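Shown next are two forms of a single protein chain, provided one at a time as structure tokens under the names structure 1 and structure 2.
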Structure 1
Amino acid sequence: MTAHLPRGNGKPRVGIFGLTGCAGDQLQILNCEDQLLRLADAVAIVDWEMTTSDNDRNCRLDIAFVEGVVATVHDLERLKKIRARTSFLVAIGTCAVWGGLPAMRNLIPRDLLDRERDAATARFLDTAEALPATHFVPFDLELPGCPIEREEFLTTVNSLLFGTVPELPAIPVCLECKTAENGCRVIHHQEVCCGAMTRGGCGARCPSHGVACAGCRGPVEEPNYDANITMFAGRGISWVEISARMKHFSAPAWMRVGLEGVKGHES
């Protein structure tokens, strides 16, 4: 797959945007440190509120990066404008790709949430059900992670500059964990570890530090539900526990495909 990026004034014009979220993915880009200087030489970052107040909010963009969920009417309006401005749109972070932590509470009825919040202080909010940005407009590339991996972001930018779209890891975290020669958190510690069903690319960072995978990068494209449910059940872990853990970061996706894959497998 190729990316045909027009160039303005010798450099592709780039915008980086945040919807509702913690801004952790934008901070991760800033954490690229020395690589930022090379990035600034290669592209023209013309619209990024986190770093400057001197932004061009109307120009055409060759590449736009968006993090966060759509949780307000304003978010959706802004997202549509960004999509209309750019030739290539990239979702960065698990919130933008899968819904992240903000989407965890979608199972609570909206009318209940409206009754519980303080109407006097919250009436100015135009809140809506929190959903990933990818639910509303087409994206050309998705970079999951909570936050994204710096090297994955830099590789993506370099690939786009060369006119190609990077091939992101399709393996589960579980494989990266085995490559790192870690002891399995399920087999050896009887923990609910989401590594077998979670998209790799993080190098199995959490299991390598003695912590079970929480699924922050969202589900792998083809999780083998039957085999994993059988494996968990053999160690006294029910599919309900697995589902609850996976819904922490990818509730919309897990409710749509994940939970369907484990129905009828009660242990």
Structure 2
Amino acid sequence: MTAHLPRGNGKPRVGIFGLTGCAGDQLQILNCEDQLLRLADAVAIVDWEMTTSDNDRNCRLDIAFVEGVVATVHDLERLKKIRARTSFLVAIGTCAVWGGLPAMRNLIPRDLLDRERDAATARFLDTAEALPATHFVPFDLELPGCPIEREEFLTTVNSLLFGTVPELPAIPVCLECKTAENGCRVIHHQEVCCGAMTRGGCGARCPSHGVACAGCRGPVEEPNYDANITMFAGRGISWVEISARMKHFSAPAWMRVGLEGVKGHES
């Protein structure tokens, strides 16, 4: 695949946006310190609310990065506008790609949330079910991660500047975990590890630090949820524990994927 960036006289114009989320992915971009200066030289970052209030909010964008879920009517309006003015749209972070942590809340009935809300102090929010940005408009590339990997972000920008789209790892975390020679959290520690269901690219960071994979990079192409659940239960782990661990990033937005009998993505 190639990325056709309209290259006029100037540098490619870039926008970076956050919908509802923790801004962690945008922080990761800011954390690219050394490379950031070089980047700022290669592209023109014209719209990035997090870093400046002097933004061009209407110009056409060659590349835009969008973080977060759509959780308000306002989010959706913004997202649609960003899509309309952007040539190459990149979702950054698991919230934008899969729903991430905010989507966990979707399991709680909305009328219950309304009742729990402290009516006296909370002002009215135009909230909706939290769904990934990718659910609403087409994206050209999706960078998973909670937060995104800095390397992967830089590689992506550099690739796009060269006119190519990077091939992101599709292998599960287990591959990176095995080659790092970690003791398996499932086999040796009887824990709920989401490594086999989760896309690698993080270098199996959590299992390499003795912590089970939480699934933060979202699912592999064809996660076998049933087999994982059966396996955990077969090892004597309680249903409560299994569901609690898998729910973190196995949010409803992607829980539909990979359940036996349901093939392919929901878009």
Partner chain sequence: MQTLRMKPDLMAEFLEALAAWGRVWAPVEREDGLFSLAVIDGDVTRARPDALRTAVPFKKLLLKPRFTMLQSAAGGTPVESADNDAGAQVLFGAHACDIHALKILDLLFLADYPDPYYRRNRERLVVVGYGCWPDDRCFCDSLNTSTADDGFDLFLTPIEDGIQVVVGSSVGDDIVRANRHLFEPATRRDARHYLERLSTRKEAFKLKLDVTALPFVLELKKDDPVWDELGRKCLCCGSCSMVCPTCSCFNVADEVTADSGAARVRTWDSCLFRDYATVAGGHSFRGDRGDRVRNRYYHKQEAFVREFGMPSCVGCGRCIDNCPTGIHVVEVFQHVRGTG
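It should be emphasised that the depicted structure is a prediction, and the values quoted were computed from it without experimental measurement. All residue numbers here refer to structure 1's sequence, counted from 1. We call the rigid core the largest set of C-alpha positions that still match within 1.5 Å between the two forms.
Between the two renderings of this chain, the form predicted on its own is found in structure 1; structure 2 comes from elsewhere. Residue displacement note: residue 64 has its CA displaced by under 2 Å between the two structures (rigid core superposed). Comparing the forms between the two structures on their rigid core, the Cα displacement of residue 229 reaches 2 Å or more.
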